[in-house]
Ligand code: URA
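Form predicted on its own, single chain, as structure tokens, below.
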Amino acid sequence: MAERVVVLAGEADVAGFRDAARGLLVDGVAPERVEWQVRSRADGDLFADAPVEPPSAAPAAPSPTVRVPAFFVPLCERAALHADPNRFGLLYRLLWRLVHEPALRDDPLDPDRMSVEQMARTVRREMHKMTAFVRFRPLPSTGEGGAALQHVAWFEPAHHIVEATAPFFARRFAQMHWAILTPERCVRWDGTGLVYGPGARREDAPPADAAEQLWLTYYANIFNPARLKVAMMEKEMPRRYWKNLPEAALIHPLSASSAERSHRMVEKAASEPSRRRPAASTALRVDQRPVGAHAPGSLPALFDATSYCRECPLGALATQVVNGEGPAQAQLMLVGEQPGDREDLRGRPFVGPAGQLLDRALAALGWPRDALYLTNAVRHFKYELRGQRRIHKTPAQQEVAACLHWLESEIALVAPQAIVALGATAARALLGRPVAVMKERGRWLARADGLRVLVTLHPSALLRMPPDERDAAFERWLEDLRQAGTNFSATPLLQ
């Protein structure tokens, strides 16, 4: 027969359990001589103006200090919220053993400890699900004078987590007056504090409204059947939550039609990029620049216009714009990705380490640099700061698209017979589609305007290779480039 009966104030009375357990340990009461009970919560009104305060009592004498391992305190705070009716007995038994069996502190495979840790994990997961699956609905305002309740949500937690999770919603929706109703415990936020009350019925929550139907329409339209993984979805959003989620009504019909919708997506023709524009649009922009020393429609006029470009954030962060360099009627154009740190500082393309490797290749091929036109798909240097260094970052597709009309205008003004795309970014900008460089390198590809493009590596790719592989990679790169000299013979350079 139990020697002590401990009655806690409620299912989530972690503080009461802690105080009672400390007293029992001091009195030397073994776990098998203790019976743990939970008193039913007193009835109250969730929507009262203020919480009902318990009657004042004389301050209790301070409890003696009991030393326990540091891991037990947060473990106890979560496991005590589990729905298992025997959890307080298990927690006290583990606490008793940790105090009287020091070796247990280093035994993570002890059955009692493993059971408590599993309870704590389950409670943490349930708290996370509550923050994800609570859906507020608006409530008609009936208050007079002060602010009235605005939104109400219904949720059915599997464990006693309302009081532990409510502060999250208070921080997240601090400017909104709301209430969360559950069968066991309810909570209200009035803008200044959390007020707790007894459980409610599902009928106490407001019904769906027009705004919810709008959300369902949005949910149905963003559904991507190609990414549907039913098993993973049910793991992250278990079925027991579905009955209280508005969007759950759409899950079955959307899942059932996913195979057909995926097939239609595959069969549908590819859409054209919205930012691809003809070179004429830039020519008009250049012509509209204030009249100066440069003739409209010339390369210098184009370069002057690019210095004002702010179509993406890169222009505001770089030192200066870096345009192309070379003769206006060059037979061969080489296009890279973007200027690097050295190019950004000097305002010239291919003058950094990658440019030096390119110069070495041009010397091996016998091609004078000043007979070629060198440029980049992106005009400004994109980087991230690491200490005092500016580290290259690959430009995003939006940034490449923003610069595309400058590159197209440059091609129209230079009118090369062929282009060499150095790297994937340049190849994608020139061809309007993703290009697998390692698969298509050394091949001539045709643009929509008929201009031929030879795809190969960017010199910086060679610099990133292991030292013992660079020589062989450099020789193969020369073979790619050499094709540009054997396919055209209009000038001595490429004969």
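Just count from 1 along the sequence shown to find any residue number. Nothing here was measured: the structure is a model prediction, and the numbers come from that model.
Separately, the form predicted together with uracil exists; it is not shown, and the next lines address it.
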Segment assignment from 336 to 344, 93 to 101, 235 to 243, 69 to 77: heavy atom within 4.5 Å of uracil in the predicted complex
336 to 344
Though only this chain appears here, would residue 154 touch uracil in the predicted complex if you measure heavy atom gaps against 4.5 Å?
no
Report whether the minimum heavy atom distance between residue 349 and uracil in the predicted complex is within 4.5 Å.
yes
Proximity of residue 354 to uracil in the predicted complex, heavy atoms at 4.5 Å:
yes
Going by heavy atoms, what in 455 to 475 lies within 4.5 angstroms of uracil in the predicted complex?
458
